[in-house]
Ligand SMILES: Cc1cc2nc3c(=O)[nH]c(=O)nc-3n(C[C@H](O)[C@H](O)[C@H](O)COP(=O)(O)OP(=O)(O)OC[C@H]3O[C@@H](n4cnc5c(N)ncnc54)[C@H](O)[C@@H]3O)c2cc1C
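A lone chain, given as C-alpha cells: the form predicted alone.
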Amino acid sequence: MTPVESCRTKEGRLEIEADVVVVGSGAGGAVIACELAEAGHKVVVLEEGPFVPALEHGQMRPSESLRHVWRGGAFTVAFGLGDTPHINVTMGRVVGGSSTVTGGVCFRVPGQVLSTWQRERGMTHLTESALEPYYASVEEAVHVETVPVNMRSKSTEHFVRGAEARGLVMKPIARNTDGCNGCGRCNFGCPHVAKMSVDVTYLPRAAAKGARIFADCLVERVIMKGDRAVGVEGRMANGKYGKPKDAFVVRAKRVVLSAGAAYTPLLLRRSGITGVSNQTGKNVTVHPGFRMIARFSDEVRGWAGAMQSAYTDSLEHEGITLMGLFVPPAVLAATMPGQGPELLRRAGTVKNLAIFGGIIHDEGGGRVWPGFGREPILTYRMAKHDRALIPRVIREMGEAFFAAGAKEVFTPILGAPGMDADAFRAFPFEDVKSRDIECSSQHPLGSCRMGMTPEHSVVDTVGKVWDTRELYVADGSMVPTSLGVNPQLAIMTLATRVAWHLRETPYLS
C-alpha cells in the first residue's frame, strides 16, 4: 500500500523543502512524481482529497464511493450557455485523482488529432513515432491490455450485434487492467484491485524512491519570486469536519501543477499568472456524452462482464464515438422514468436492461471561472455543429438497439417515457430544448492548452508556463484540442514527455 501522510492529523504550520513539488496526484501528477523520484529528485506530492486505499474503495457501495472519492459527490456541473445542455462533469478528489474513477479505457491520441496539432497548431514534432517511447512506457507501467470478446457483457453483445447489422465496425477496447474478472463496477472501485490506476502503479513506485505524498492538503497559491516559481502554499484539512485550517508551505526548486483542467487554471490565476495570451481557463473541451438504455425481453444482466469492452469510431468523420459502458444496477434502476409504483415497476426490469454511450468530438466552448470559494464555476457553449450532432447520436444508438431486438428504449431526454421503435422514430429529437437533454462528461481538457507561441497558448509543448521559470503544467489542461476518445492514456503520455524533459533539465541556480 502506498505510504501517504494525511494532513488531517497534523497540527500547526507545516514547512517542507523539496526539489520538485507536484500539485495533484492523478494521471499527470503521479507520472511526474514517479519519473522524477526514480531519477533521484526529492519530490513532494500534494493532494487536496483524502487517501482511500484501492481495496477499501473497491469494498464501498457506489453511494459511498460518490461521497468519499468523487469531487462534489459527482454533481459538478458545466452550465450550458445558449443552446447548450447543462453538463454533469465528474472528477476524482482523492489520492490517485480521476484515474481511480475511470473505466480504465486507454486510447492513444488518434492520428487525425495529431495531424490537426501538426497542421493547424504548428506542433510538427508531435508525431506518432516521436510519442512512441512515451506511449510504451505508460502502457507497460499500467498494463494496458485489450478486453477479450468473451469478457463482453450481454448488454454490450446486444449493442454490437445491432450496430454491426447497421454497418458500424465494432472494435475491442484497451484498458489498464491486470486480472480483471469482469465484475462491471470500475468507476466505483475495483473489488479485486485489477484496475491499474495510478494509486496502485505510479504512486507506489514514487514512494519507494523517497517521494512524500500528502493527502488532505489544499494548495491555494504558487509562490513566485519575480518570474520564477519557488514553491506553493495553502492550508491543511485539519480543521473541524476536515475544513481547511492550518497553513503549510512547500519550498521547491521546481513546481509542477497537475490539478486537472478545472483547477490548474484557477491556481495560475490566483497566483497572478495569466500570460499574454489570456487563454488561461478558456478553450475547455469536455466530450459531451449521452447514454441510451434499452429493454430486452430476455435477461441481460449487463453488470456481468467488463464495464467497457467495445466501441466504434465508424462515425468519427462526423465527430461521434460510440462507447460501451454500464453502471451499477442500483444506479441504473434509479434512472428509470416515472415515480412511485411506476418507478418501482420500471426498476424491477433492471436485469433486462442494456446500455451504451456516445460522445461528441467537440470544438471546445468551455471556460473555468473563479467561484465564490474553492470550487470553480464551469460554463460551456456548444458549437452549432456539435449541438446538431446530439439528435444524431441519440438516433444512432437507439436504432442499433432496435436492430438487436430491443422492445423499448429510454433516451437521455428528461421526462421522456420509454419508447418502442415506432414512437422512437416519430419523436422530434431535433426540436428538444437543450435544458431537457441529459448530458455528462468525464473528460475536461484544454484549459491551459499547450502551443508553439505565448500569444496563443498557456504552456509550451514540454509543459512550461510561458514567461515563467521553473513552473510547469502536466495534466489534462495542457491537451490542446478535444481528442474524441477517453484521454487517460494521452494525459499520462504527455506527462511522461514532460517528466523526461525535466529529469534532464538542470535547476536554475
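From 1 onward, residues are counted along the sequence shown. Because the structure is a prediction, the values reported are computed rather than measured.
There is also a form predicted together with the ligand; it is not shown, and the following applies to it.
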Contacting member of M123, M336, A310, L218, with respect to the ligand in the predicted bound form [4.5 Å, heavy atom]: L218
Quick one: from A252, A259, V160, A206, grab the residue that has a heavy atom within 4.5 Å of the ligand in the predicted bound form. A259
I'd like to check something about T493: if you look in the predicted bound form, is any of its heavy atoms closer than or equal to 4.5 Å to a heavy atom of the ligand? no
Quick one: does Q442 come within 4.5 Å of the ligand in the predicted bound form, counting heavy atoms only? yes
Is V142 part of the interface with the ligand in the predicted bound form - any heavy atom within 4.5 Å? no
Though only this chain appears here, would G484 touch the ligand in the predicted bound form if you measure heavy atom gaps against 4.5 Å? no
In the predicted bound form, do I87, T280 and S457 all put a heavy atom within 4.5 Å of the ligand? no
Which of 48-56, 35-43, 447-455, 464-472 lies within 4.5 Å of the ligand in the predicted bound form, heavy atoms considered? The stretch 48-56
Hey, which residues along 56-93 are within 4.5 angstroms of the ligand in the predicted bound form, non-hydrogen atoms only? W70, R71, T90, M91, G92, R93
